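The chain below stands alone, shown as C-alpha coordinates; this is the form predicted on its own.
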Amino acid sequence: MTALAGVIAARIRATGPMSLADYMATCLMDPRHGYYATRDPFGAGGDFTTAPEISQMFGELTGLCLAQAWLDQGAPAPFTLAETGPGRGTLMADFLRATRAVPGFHAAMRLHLVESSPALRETQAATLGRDDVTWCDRVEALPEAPLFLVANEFFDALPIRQFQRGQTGWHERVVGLSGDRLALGLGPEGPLPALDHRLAETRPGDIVETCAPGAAIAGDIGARIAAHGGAALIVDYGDWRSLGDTFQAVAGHAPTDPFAAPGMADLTAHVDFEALARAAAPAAHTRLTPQGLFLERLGIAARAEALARGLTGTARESHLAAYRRLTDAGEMGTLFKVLGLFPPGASPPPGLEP
(Lines give C-alpha, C1' and ligand atoms only; values in the text may rest on other atoms or scores of the structure.)
Protein backbone atom coordinates (compact mmCIF):
# COMPACT_ATOMS: atom_id res chain seq x y z
CA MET A 1 0.00 0.00 0.00
CA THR A 2 1.35 3.43 -0.93
CA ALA A 3 1.42 6.25 1.61
CA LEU A 4 -1.40 7.99 -0.25
CA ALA A 5 -3.50 4.80 -0.23
CA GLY A 6 -3.29 4.82 3.56
CA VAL A 7 -4.37 8.46 3.69
CA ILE A 8 -7.34 7.80 1.41
CA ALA A 9 -8.39 4.66 3.29
CA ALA A 10 -8.33 6.54 6.59
CA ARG A 11 -10.47 9.29 5.11
CA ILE A 12 -13.03 6.78 3.82
CA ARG A 13 -13.21 5.06 7.20
CA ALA A 14 -13.81 8.43 8.86
CA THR A 15 -16.27 10.05 6.44
CA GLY A 16 -17.51 7.34 4.05
CA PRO A 17 -16.98 6.69 0.32
CA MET A 18 -15.69 9.52 -1.86
CA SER A 19 -16.65 10.52 -5.38
CA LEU A 20 -14.40 9.46 -8.21
CA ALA A 21 -13.66 13.16 -8.74
CA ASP A 22 -12.35 13.52 -5.19
CA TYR A 23 -10.28 10.38 -5.62
CA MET A 24 -8.72 11.60 -8.88
CA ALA A 25 -7.96 15.05 -7.48
CA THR A 26 -6.29 13.54 -4.43
CA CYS A 27 -4.24 11.03 -6.41
CA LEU A 28 -3.03 13.58 -8.93
CA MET A 29 -2.53 16.75 -6.89
CA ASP A 30 -2.06 15.88 -3.20
CA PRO A 31 0.81 18.24 -2.25
CA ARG A 32 2.87 15.51 -0.55
CA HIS A 33 2.07 12.33 -2.46
CA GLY A 34 0.16 13.38 -5.61
CA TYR A 35 1.24 12.16 -9.01
CA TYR A 36 1.74 15.55 -10.71
CA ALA A 37 2.99 17.26 -7.57
CA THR A 38 5.96 14.93 -7.15
CA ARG A 39 7.33 14.00 -10.59
CA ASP A 40 7.86 14.67 -14.29
CA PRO A 41 5.72 11.94 -15.90
CA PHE A 42 6.40 12.78 -19.54
CA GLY A 43 8.47 11.07 -22.21
CA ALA A 44 10.21 7.73 -22.57
CA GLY A 45 11.47 7.81 -19.00
CA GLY A 46 8.06 8.68 -17.59
CA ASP A 47 4.64 7.08 -17.81
CA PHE A 48 3.27 8.48 -21.07
CA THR A 49 4.30 10.44 -24.16
CA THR A 50 2.28 13.35 -25.55
CA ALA A 51 2.20 14.63 -29.13
CA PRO A 52 4.74 17.45 -28.57
CA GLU A 53 7.22 14.91 -27.21
CA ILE A 54 6.75 12.73 -30.31
CA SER A 55 7.62 15.40 -32.89
CA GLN A 56 8.37 19.11 -33.12
CA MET A 57 5.83 19.29 -35.95
CA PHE A 58 2.88 19.21 -33.56
CA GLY A 59 3.90 22.37 -31.70
CA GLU A 60 5.00 24.11 -34.89
CA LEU A 61 1.69 23.57 -36.66
CA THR A 62 -0.53 24.44 -33.69
CA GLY A 63 1.55 27.58 -33.25
CA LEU A 64 1.14 28.64 -36.85
CA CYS A 65 -2.58 27.81 -36.66
CA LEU A 66 -3.13 30.21 -33.76
CA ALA A 67 -0.84 32.83 -35.28
CA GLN A 68 -2.96 32.80 -38.44
CA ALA A 69 -6.11 33.08 -36.32
CA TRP A 70 -4.49 36.13 -34.67
CA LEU A 71 -3.80 37.68 -38.08
CA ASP A 72 -7.34 36.89 -39.26
CA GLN A 73 -8.70 38.84 -36.30
CA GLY A 74 -6.68 41.94 -37.11
CA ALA A 75 -3.53 41.17 -35.06
CA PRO A 76 -4.80 42.56 -31.72
CA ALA A 77 -2.09 43.94 -29.43
CA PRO A 78 -1.42 43.15 -26.72
CA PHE A 79 -2.88 39.65 -26.48
CA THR A 80 -2.53 36.69 -24.13
CA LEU A 81 -0.83 33.58 -25.45
CA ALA A 82 -1.60 30.74 -23.04
CA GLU A 83 -1.18 27.02 -22.64
CA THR A 84 -2.97 24.93 -20.06
CA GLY A 85 -1.09 21.94 -18.68
CA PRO A 86 2.17 22.74 -20.53
CA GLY A 87 4.01 19.56 -19.50
CA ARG A 88 7.74 20.08 -19.99
CA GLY A 89 7.20 23.19 -22.09
CA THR A 90 8.03 21.30 -25.28
CA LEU A 91 4.91 22.33 -27.20
CA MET A 92 5.35 26.00 -26.32
CA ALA A 93 9.04 25.95 -27.24
CA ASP A 94 8.19 24.60 -30.71
CA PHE A 95 5.22 26.99 -30.96
CA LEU A 96 7.42 30.03 -30.25
CA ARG A 97 10.17 28.96 -32.62
CA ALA A 98 7.70 28.45 -35.49
CA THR A 99 5.99 31.83 -34.98
CA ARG A 100 9.10 34.02 -34.75
CA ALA A 101 8.72 35.03 -38.39
CA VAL A 102 5.05 36.11 -38.02
CA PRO A 103 5.25 39.93 -38.11
CA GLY A 104 4.36 41.49 -34.76
CA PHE A 105 3.23 38.26 -33.10
CA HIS A 106 5.96 37.97 -30.48
CA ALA A 107 6.01 41.70 -29.77
CA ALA A 108 2.27 41.69 -29.02
CA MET A 109 2.05 38.45 -27.03
CA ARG A 110 1.99 38.18 -23.25
CA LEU A 111 2.97 34.59 -22.47
CA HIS A 112 1.09 32.77 -19.70
CA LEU A 113 1.35 29.12 -18.65
CA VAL A 114 -1.41 27.60 -16.54
CA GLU A 115 0.42 25.13 -14.31
CA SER A 116 -0.07 24.28 -10.62
CA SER A 117 2.83 21.82 -10.21
CA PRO A 118 6.01 23.45 -8.81
CA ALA A 119 8.13 20.63 -10.23
CA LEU A 120 6.75 21.09 -13.74
CA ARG A 121 7.05 24.88 -13.55
CA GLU A 122 10.78 24.44 -12.98
CA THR A 123 11.04 22.13 -15.98
CA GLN A 124 9.07 24.53 -18.18
CA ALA A 125 11.30 27.45 -17.16
CA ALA A 126 14.39 25.45 -18.08
CA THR A 127 12.92 24.35 -21.43
CA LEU A 128 11.84 27.83 -22.49
CA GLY A 129 14.75 29.83 -21.07
CA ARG A 130 12.74 33.07 -21.14
CA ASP A 131 12.20 35.84 -18.64
CA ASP A 132 8.79 36.92 -19.94
CA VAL A 133 6.72 33.92 -18.78
CA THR A 134 3.92 34.38 -16.26
CA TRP A 135 2.72 31.26 -14.47
CA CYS A 136 -0.73 31.00 -12.94
CA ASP A 137 -2.59 28.23 -11.15
CA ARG A 138 -5.95 28.71 -12.84
CA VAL A 139 -7.42 29.91 -16.13
CA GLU A 140 -9.43 32.49 -14.21
CA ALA A 141 -6.17 34.29 -13.41
CA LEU A 142 -5.44 35.04 -17.08
CA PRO A 143 -5.71 38.71 -18.12
CA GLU A 144 -8.92 40.11 -19.55
CA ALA A 145 -7.57 40.47 -23.10
CA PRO A 146 -7.71 38.71 -26.47
CA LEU A 147 -6.85 35.10 -25.68
CA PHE A 148 -5.10 32.62 -27.96
CA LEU A 149 -4.84 29.33 -26.08
CA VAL A 150 -3.82 25.73 -26.64
CA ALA A 151 -4.87 22.87 -24.36
CA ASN A 152 -3.22 19.60 -25.34
CA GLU A 153 -4.09 16.57 -23.19
CA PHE A 154 -5.26 18.86 -20.41
CA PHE A 155 -8.97 18.17 -20.02
CA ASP A 156 -8.52 14.38 -19.83
CA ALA A 157 -6.71 14.73 -16.48
CA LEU A 158 -9.46 16.77 -14.79
CA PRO A 159 -11.50 14.93 -12.15
CA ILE A 160 -14.68 13.24 -13.35
CA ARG A 161 -17.75 11.82 -11.67
CA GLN A 162 -19.42 8.66 -12.94
CA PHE A 163 -23.12 7.90 -12.83
CA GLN A 164 -24.66 4.51 -13.59
CA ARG A 165 -28.17 4.48 -14.97
CA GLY A 166 -30.74 2.78 -12.77
CA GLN A 167 -34.36 1.95 -13.58
CA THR A 168 -35.60 5.52 -13.17
CA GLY A 169 -32.59 7.55 -11.98
CA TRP A 170 -28.85 7.38 -11.42
CA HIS A 171 -26.39 5.78 -9.00
CA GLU A 172 -23.11 7.60 -8.45
CA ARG A 173 -20.07 5.34 -8.64
CA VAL A 174 -17.98 6.03 -5.55
CA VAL A 175 -14.64 4.89 -4.13
CA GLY A 176 -14.88 2.89 -0.92
CA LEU A 177 -13.19 -0.03 0.79
CA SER A 178 -13.49 -3.75 0.15
CA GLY A 179 -11.68 -5.11 3.17
CA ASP A 180 -8.45 -3.12 3.13
CA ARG A 181 -8.50 -2.47 -0.63
CA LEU A 182 -9.85 0.56 -2.45
CA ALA A 183 -12.71 -0.34 -4.77
CA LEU A 184 -15.59 1.17 -6.71
CA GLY A 185 -19.14 0.86 -5.41
CA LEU A 186 -22.57 2.36 -6.09
CA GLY A 187 -24.39 5.05 -4.17
CA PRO A 188 -28.18 5.04 -3.80
CA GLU A 189 -30.35 5.59 -6.86
CA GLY A 190 -31.92 8.99 -7.24
CA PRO A 191 -32.90 11.67 -9.75
CA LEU A 192 -30.19 13.83 -11.31
CA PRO A 193 -31.67 16.80 -13.20
CA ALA A 194 -28.34 17.55 -14.90
CA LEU A 195 -28.60 14.19 -16.69
CA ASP A 196 -32.31 14.26 -17.51
CA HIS A 197 -31.39 14.77 -21.18
CA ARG A 198 -29.50 11.46 -21.17
CA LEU A 199 -32.38 9.28 -19.92
CA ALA A 200 -33.92 8.79 -23.35
CA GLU A 201 -30.68 7.55 -24.93
CA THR A 202 -29.35 5.32 -22.14
CA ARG A 203 -30.38 2.00 -20.65
CA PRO A 204 -30.10 0.65 -17.09
CA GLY A 205 -26.46 -0.15 -16.41
CA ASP A 206 -25.06 2.48 -18.78
CA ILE A 207 -22.40 4.80 -17.38
CA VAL A 208 -22.20 8.51 -18.06
CA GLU A 209 -19.25 10.66 -16.98
CA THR A 210 -19.37 14.34 -16.08
CA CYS A 211 -16.53 16.78 -15.52
CA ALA A 212 -17.58 19.92 -13.68
CA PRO A 213 -14.04 21.40 -13.57
CA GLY A 214 -13.71 20.95 -17.33
CA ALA A 215 -17.02 22.69 -18.00
CA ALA A 216 -16.06 25.58 -15.71
CA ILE A 217 -12.69 26.05 -17.41
CA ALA A 218 -14.20 25.82 -20.91
CA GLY A 219 -16.80 28.36 -19.82
CA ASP A 220 -14.13 30.80 -18.68
CA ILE A 221 -12.12 30.37 -21.89
CA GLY A 222 -15.21 30.78 -24.04
CA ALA A 223 -16.37 33.89 -22.18
CA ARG A 224 -12.98 35.57 -22.67
CA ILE A 225 -12.85 34.74 -26.36
CA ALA A 226 -16.43 35.93 -26.93
CA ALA A 227 -15.78 39.18 -25.05
CA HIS A 228 -12.25 40.06 -26.18
CA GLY A 229 -11.48 37.93 -29.24
CA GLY A 230 -9.03 35.11 -29.67
CA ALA A 231 -9.15 31.37 -30.32
CA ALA A 232 -8.55 28.12 -28.49
CA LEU A 233 -7.42 24.70 -29.67
CA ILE A 234 -8.52 21.83 -27.41
CA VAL A 235 -6.73 18.60 -28.35
CA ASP A 236 -7.47 15.40 -26.47
CA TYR A 237 -8.79 11.88 -26.72
CA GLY A 238 -12.52 11.42 -26.40
CA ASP A 239 -15.63 11.96 -28.46
CA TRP A 240 -18.56 14.30 -28.92
CA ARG A 241 -20.62 12.74 -26.12
CA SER A 242 -19.66 10.65 -23.10
CA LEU A 243 -21.02 7.11 -22.77
CA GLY A 244 -19.37 4.25 -20.92
CA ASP A 245 -16.59 3.84 -18.38
CA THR A 246 -13.42 5.51 -19.73
CA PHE A 247 -11.62 6.00 -16.39
CA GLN A 248 -8.11 4.62 -16.71
CA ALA A 249 -4.64 4.56 -15.16
CA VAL A 250 -1.26 4.42 -16.89
CA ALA A 251 2.17 3.75 -15.38
CA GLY A 252 5.33 2.96 -17.30
CA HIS A 253 3.49 3.42 -20.63
CA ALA A 254 1.10 0.54 -19.78
CA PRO A 255 -2.43 0.31 -18.35
CA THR A 256 -2.65 -0.45 -14.65
CA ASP A 257 -5.24 -0.78 -11.88
CA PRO A 258 -6.29 2.78 -10.93
CA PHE A 259 -6.84 1.73 -7.30
CA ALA A 260 -3.72 -0.37 -6.72
CA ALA A 261 -1.15 2.36 -6.04
CA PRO A 262 -2.69 5.84 -5.61
CA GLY A 263 -0.26 8.61 -6.48
CA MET A 264 1.97 6.32 -8.57
CA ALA A 265 -0.04 6.30 -11.83
CA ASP A 266 -1.59 8.86 -14.15
CA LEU A 267 -5.39 8.90 -13.98
CA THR A 268 -7.43 10.12 -16.95
CA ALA A 269 -10.77 9.81 -18.69
CA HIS A 270 -11.98 10.48 -22.23
CA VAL A 271 -13.15 14.02 -22.87
CA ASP A 272 -16.80 14.83 -23.53
CA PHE A 273 -16.31 17.51 -26.18
CA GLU A 274 -20.01 18.31 -26.44
CA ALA A 275 -20.03 19.33 -22.79
CA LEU A 276 -17.02 21.61 -23.36
CA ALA A 277 -18.60 23.21 -26.44
CA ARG A 278 -21.87 23.83 -24.60
CA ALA A 279 -20.04 25.32 -21.62
CA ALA A 280 -17.93 27.60 -23.83
CA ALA A 281 -20.96 29.46 -25.25
CA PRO A 282 -21.31 32.28 -26.24
CA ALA A 283 -18.03 31.53 -28.05
CA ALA A 284 -18.56 29.67 -31.31
CA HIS A 285 -17.11 26.20 -31.76
CA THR A 286 -15.88 24.20 -34.73
CA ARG A 287 -16.76 20.68 -35.71
CA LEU A 288 -14.92 18.04 -33.74
CA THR A 289 -12.07 17.04 -36.05
CA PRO A 290 -9.72 14.03 -35.87
CA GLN A 291 -6.16 15.09 -35.03
CA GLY A 292 -4.74 13.46 -38.15
CA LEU A 293 -7.09 15.36 -40.46
CA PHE A 294 -6.42 18.62 -38.62
CA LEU A 295 -2.65 18.25 -38.98
CA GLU A 296 -2.91 17.20 -42.64
CA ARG A 297 -4.98 20.30 -43.39
CA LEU A 298 -2.25 22.40 -41.77
CA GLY A 299 0.40 20.87 -44.03
CA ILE A 300 2.11 18.29 -41.84
CA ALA A 301 2.90 16.08 -44.85
CA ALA A 302 4.91 18.84 -46.52
CA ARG A 303 6.62 19.72 -43.24
CA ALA A 304 7.50 16.07 -42.61
CA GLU A 305 8.95 15.77 -46.10
CA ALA A 306 11.02 18.93 -45.67
CA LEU A 307 12.47 17.74 -42.37
CA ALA A 308 13.16 14.27 -43.79
CA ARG A 309 15.43 15.68 -46.52
CA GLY A 310 18.14 16.38 -43.99
CA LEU A 311 17.93 13.00 -42.27
CA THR A 312 19.29 9.55 -43.01
CA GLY A 313 19.20 6.09 -41.48
CA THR A 314 17.65 5.64 -38.06
CA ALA A 315 16.97 9.36 -37.63
CA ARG A 316 14.92 9.44 -40.82
CA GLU A 317 13.01 6.29 -39.85
CA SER A 318 12.23 7.70 -36.40
CA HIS A 319 11.04 10.99 -37.93
CA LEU A 320 8.68 9.27 -40.37
CA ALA A 321 7.41 6.96 -37.60
CA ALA A 322 6.60 10.06 -35.53
CA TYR A 323 4.67 11.54 -38.45
CA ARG A 324 2.65 8.34 -38.77
CA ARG A 325 2.02 8.18 -35.03
CA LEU A 326 0.54 11.68 -35.02
CA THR A 327 -1.66 11.19 -38.08
CA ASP A 328 -2.47 7.53 -38.83
CA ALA A 329 -5.91 6.20 -37.97
CA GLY A 330 -4.37 3.25 -36.13
CA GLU A 331 -2.24 5.55 -33.97
CA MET A 332 -3.23 8.99 -32.61
CA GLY A 333 -4.83 10.23 -35.82
CA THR A 334 -8.45 9.36 -34.97
CA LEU A 335 -8.34 8.64 -31.23
CA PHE A 336 -7.35 12.25 -30.59
CA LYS A 337 -9.71 15.01 -31.61
CA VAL A 338 -9.48 18.80 -31.98
CA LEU A 339 -12.15 21.33 -31.02
CA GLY A 340 -11.68 25.00 -31.86
CA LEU A 341 -13.28 27.94 -30.07
CA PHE A 342 -13.53 31.38 -31.69
CA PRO A 343 -15.61 34.59 -31.50
CA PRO A 344 -19.06 34.56 -33.08
CA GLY A 345 -18.81 35.96 -36.59
CA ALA A 346 -15.05 35.40 -36.88
CA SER A 347 -13.28 32.82 -39.01
CA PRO A 348 -12.55 29.49 -37.29
CA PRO A 349 -8.93 28.53 -36.64
CA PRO A 350 -7.26 27.09 -39.75
CA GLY A 351 -7.67 23.35 -40.22
CA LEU A 352 -11.06 23.27 -38.51
CA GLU A 353 -14.51 23.57 -40.03
CA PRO A 354 -17.25 25.66 -38.35
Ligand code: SAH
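Don't overthink the numbering: it's just position in the shown sequence, from 1. Because the structure is a prediction, the values reported are computed rather than measured.
Absent from the display: the form predicted together with this ligand. The rest refers to it.
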| query | Out of 312 to 320, 28 to 36, 299 to 307, 63 to 71, where are the residues with a heavy atom within 4.5 Å of this ligand in the predicted complex? | reply | 28 to 36
| remark: Among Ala226, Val174, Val250, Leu158, just one has a heavy atom within 4.5 Å of this ligand in the predicted complex, namely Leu158
| message | Only one of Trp170, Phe148, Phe105, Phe154 gets a heavy atom within 4.5 Å of this ligand in the predicted complex. Which one? | response | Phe154
| query | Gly238 near this ligand in the predicted complex, any heavy atom under 4.5 Å? | reply | no
| message | At 4.5 Å between heavy atoms, is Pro258 in contact with this ligand in the predicted complex? | response | no
| Is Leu120 one of the residues lying within 4.5 Å of this ligand in the predicted complex, judged by heavy atom distances? | yes
| query | Using heavy atoms and a 4.5 Å limit, would one call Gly59 a contact residue for this ligand in the predicted complex? | reply | no
| said: Within 4.5 Å of this ligand in the predicted complex, counting any non-hydrogen atom, which residues from 77 to 104 show up? | reply: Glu83, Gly85, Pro86, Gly87
